[in-house]
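Okay, so we've got a single protein chain in two different forms coming up as structure tokens, structure 1 first and structure 2 after it.
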Structure 1
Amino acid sequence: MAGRALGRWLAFLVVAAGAVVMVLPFYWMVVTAVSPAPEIIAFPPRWIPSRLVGDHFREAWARAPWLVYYKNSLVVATVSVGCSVLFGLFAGYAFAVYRFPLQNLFFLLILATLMVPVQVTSVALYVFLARLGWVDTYQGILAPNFASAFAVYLIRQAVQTVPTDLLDAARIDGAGEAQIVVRVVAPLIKPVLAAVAMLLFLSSWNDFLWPVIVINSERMRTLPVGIALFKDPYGFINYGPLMAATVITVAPMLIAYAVSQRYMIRGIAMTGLR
């Protein structure tokens, strides 16, 4: 009995230590954004500011067209998530329900794309999109994100939990395969779709490498690219406005995660992802 209680306490301490490590960068970001300038670079560091200031937020907002960055990030993230979830839903349904030649090989090839880093294909992809005239356009930013192997995998795992008899009953009632996917399968795996959408949205919102390669003008910059260029021409970084800009950038994601947290946990539990 005593050993079991000791084990629970050790597990609690490990989880608490992990939580502190995860939360500390966010806490330091917010503290830096609201601290007076002399306290940001003070040593030893001040974990609690002597007073709260809003000057860094005003300076950050005045130095960049944040509404343009927000619009671009929102368009890119929304379209890429919509296309990826739609493609993943139908592709995952096909891999889970149908049997066709070389099915496992095709599925393994899709999963293998997860192991190819974007750095490997970025040059060839840039040259291809440049010939199409898609550089510095929404199409160019979205091109690598129209479909997601990760979404196909998770949705296939979820569709496999749907009873086959239910699908057969829908077919007997006259429903086509597209209707079955949209009206029967999608509502049953709604938590998984929500989790996939949220994970893809986070990935797209924070994506930096490909947008910075394919974007040339300020009017097409997304939020991560805008923050990376948030410094003066001589390379000096003013950490107060930079952290304020980072808070402006991540705030929508924190709110979205807080709202969808319940669906994400249920979705991950349904797919058995650990």
Structure 2
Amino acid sequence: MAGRALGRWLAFLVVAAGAVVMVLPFYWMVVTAVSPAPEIIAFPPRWIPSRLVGDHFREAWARAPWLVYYKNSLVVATVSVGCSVLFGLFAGYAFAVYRFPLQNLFFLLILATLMVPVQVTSVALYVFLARLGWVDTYQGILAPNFASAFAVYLIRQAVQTVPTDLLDAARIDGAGEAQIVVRVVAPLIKPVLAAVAMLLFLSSWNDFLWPVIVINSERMRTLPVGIALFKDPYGFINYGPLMAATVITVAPMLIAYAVSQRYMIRGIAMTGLR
């Protein structure tokens, strides 16, 4: 019994020590953002600032239109999640419930797109969107994210667990197919829909490569593009405002995470494994 307790405390010590390492970058980001300038570069490092300073935030806020970046990120993430979940719901239902010609071919085709990420197709996609006049527009940023193979796959798996009798009962009651999807199936697989939506929101919100390719103007920048381009011309001295800018960038997501972390982690575990 003593051995068990010892093991428990040993595990706690190792995990806690590791957690300190994990937290350190976040902690130092905040400390740098609120410390008086001389303390930022002091040696030995000052773990707790002598007083809290708001100058770095004021400067970072004045130098870039953060609200525009927030708005762009929010619009892009919301639309991509909305479309991907809605389209994925109907497509997932069709693949799970119906039998139709070329079904397997279409399904394989959709899954195959998982193997061809935007990193591979970015050049051709850019050329294509340039021809459509979509460069530097919301549609352009959204183009690769209007639908998600991952969403189709997971929703199909979930719909397969819905009893067919339930669908038939709804049909006998005179419900149309679209009605069945929205009124009967969607509520039954809500946990999967929520997990998919959360994961897609996260990846869209933090997406960088494709936006940095397709965005030219400042008014279209999303948060990751904003912070990356904020860092570059800023030089090597003003770490305070730079860290204030990263706080501004990551704060909404970290706060959302802090509030819902159990739920988010469960969602990831659910979607990560099959």
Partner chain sequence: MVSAWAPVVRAVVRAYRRHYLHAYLFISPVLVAFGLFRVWPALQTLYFSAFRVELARRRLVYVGVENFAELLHDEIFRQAVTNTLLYAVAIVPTAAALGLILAVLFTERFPARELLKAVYFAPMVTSTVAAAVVWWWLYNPQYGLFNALLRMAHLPPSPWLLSTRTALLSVILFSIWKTVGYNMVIYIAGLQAIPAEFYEAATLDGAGPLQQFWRITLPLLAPVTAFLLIYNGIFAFQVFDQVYVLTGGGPANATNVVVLEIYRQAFQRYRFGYAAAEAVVLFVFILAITILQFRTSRRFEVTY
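Throughout, rigid core stands for the largest set of C-alpha atoms superposing within 1.5 Å between the two forms. As the structure is a prediction and not an experimental result, all values here were calculated from the model. Residues are numbered by position in structure 1's sequence, first residue being 1.
Only structure 1 matches the form predicted on its own. In the core-superposed comparison between the two structures, Ala245 has its Cα shifted by at least 2 Å. With the core held fixed, Ser50 shows a CA shift of 2 Å or greater between the two structures.
Once you line up the core between the two structures, the Cα of Ala62 ends up 2 Å or more from where it was. In the core-aligned comparison between the two structures, the Cα atom of Leu10 sits 9.2 Å away from its counterpart. On core superposition, Val31 has its C-alpha offset by 4.8 angstrom between the two structures. Relative to the superposed rigid core, Ala256 shifts its CA by 3.2 Å between the two structures.
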